[in-house]
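In structure tokens, the next block holds one chain alone, the form predicted alone.
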Amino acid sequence: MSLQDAEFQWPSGYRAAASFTFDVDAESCALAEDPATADRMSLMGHQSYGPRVGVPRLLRILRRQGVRATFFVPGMTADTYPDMVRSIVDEGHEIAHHGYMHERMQGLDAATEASILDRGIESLQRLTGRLPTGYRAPWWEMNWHTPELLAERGFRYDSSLLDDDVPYRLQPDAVGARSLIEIPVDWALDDWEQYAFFPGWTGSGVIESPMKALEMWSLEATARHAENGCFVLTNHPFLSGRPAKAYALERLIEQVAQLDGMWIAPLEDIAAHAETVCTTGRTHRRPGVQFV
């Protein structure tokens, strides 16, 4: 836990928090990397499994467990599968922003990134009737100007950085810029690293056992609970929406729910609480490195 937020306080009766989040990339992440993947019928089917089969299965699990979650949806996914987005909203879950076409933001200038943010906002607002309050950068790649762009558009929180174990107030490095809440993530808590593989596109070819992932994530949840931290799991419906992986995920939800004083909530609720307890803002600045 950071020194700055050593006194971070969860709501009365809770000692830690957990959030189950889902990045509904569908075909967008493959197409953004290489538009030619549109010609690969099997790969496109592999990705469309997420919204067509994975999301309905995950919604059933969340309903059984009484858990509200956050679904990060690229604008392209929303435009392609509007009924899926409506089904998530109808179940009471949060829809948050994840780019338009899961574009790699790394190195984009502010104007280009702003246009992508605005296009994604328009798609989500048209379907849900509300502005998204949360953002997650595709591939968790933020630019130094991203926080200011998010603040300008009224986002309340981001969940893309990997620099703490609890939420904190992120202050953009611009005079007069509004702050937002950062809810950090961790590569160890991402199912892509465990399960993602498709020949010629992604992954090493090693698809881990869901029981191995369950053991690892359960230990992470237990450790973060012991340190009054925040456990944020990132799953992709085209991966963790498949039967054995979904089975392991439901067992994990059951285990996390049994941790005494663990608050399970969507990220928007965690961010709303953090706004009340995080006072001092943290500003990130590019290191002043000189290359010889």
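Note that the coordinates shown come from a computational prediction; the quantities given were computed from them, not determined experimentally. The first residue of the shown sequence is 1; numbering continues from there.
A second form of this protein, the form predicted together with a further copy of the same chain, is not displayed here; the remarks below concern that form.
- Looking at a further copy of the same chain in the predicted complex, is some heavy atom of each of 49, 193 and 211 within 4.5 Å of it? Spot residues vs a further copy of the same chain: full contact, yes.
- Looking at the partner-bound form in the predicted complex, is residue 68 within 4.5 Å of a further copy of the same chain by any heavy atom? No, residue 68 sits far enough from a further copy of the same chain in the predicted complex that none of its heavy atoms falls within 4.5 Å.
- Task: Indicate whether a further copy of the same chain has at least one heavy atom within 4.5 Å of a heavy atom of residue 259 in the predicted complex.
- Result: Looking in the predicted complex, residue contacts with a further copy of the same chain do not include residue 259, since no heavy atom lies within 4.5 Å.
- Message: Is residue 245 near a further copy of the same chain? Define near as a heavy atom within 4.5 Å, in the predicted complex.
- Response: Residue 245 belongs to the contact set for a further copy of the same chain.
- Task: Considering only heavy atoms, tell me if residue 114 and a further copy of the same chain come within 4.5 Å of each other in the predicted complex.
- Result: No, residue 114 is distant from the partner.
- Message: Under a 4.5 angstroms heavy atom criterion, identify the one residue in 154, 199, 92, 129 near a further copy of the same chain in the predicted complex.
- Response: Of the listed residues, the single hit is 199.
- Task: Go through 202-232 residue by residue and record those having a heavy atom within 4.5 Å of a further copy of the same chain in the predicted complex; state none if no residue qualifies.
- Result: Counting only heavy atoms within 4.5 Å of a further copy of the same chain in the predicted complex, the contacting residues of 202-232 are 204, 205, 206, 207, 208, 209, 210, 211, 212, 215, 216, 219, 220, 223, 224, 227.
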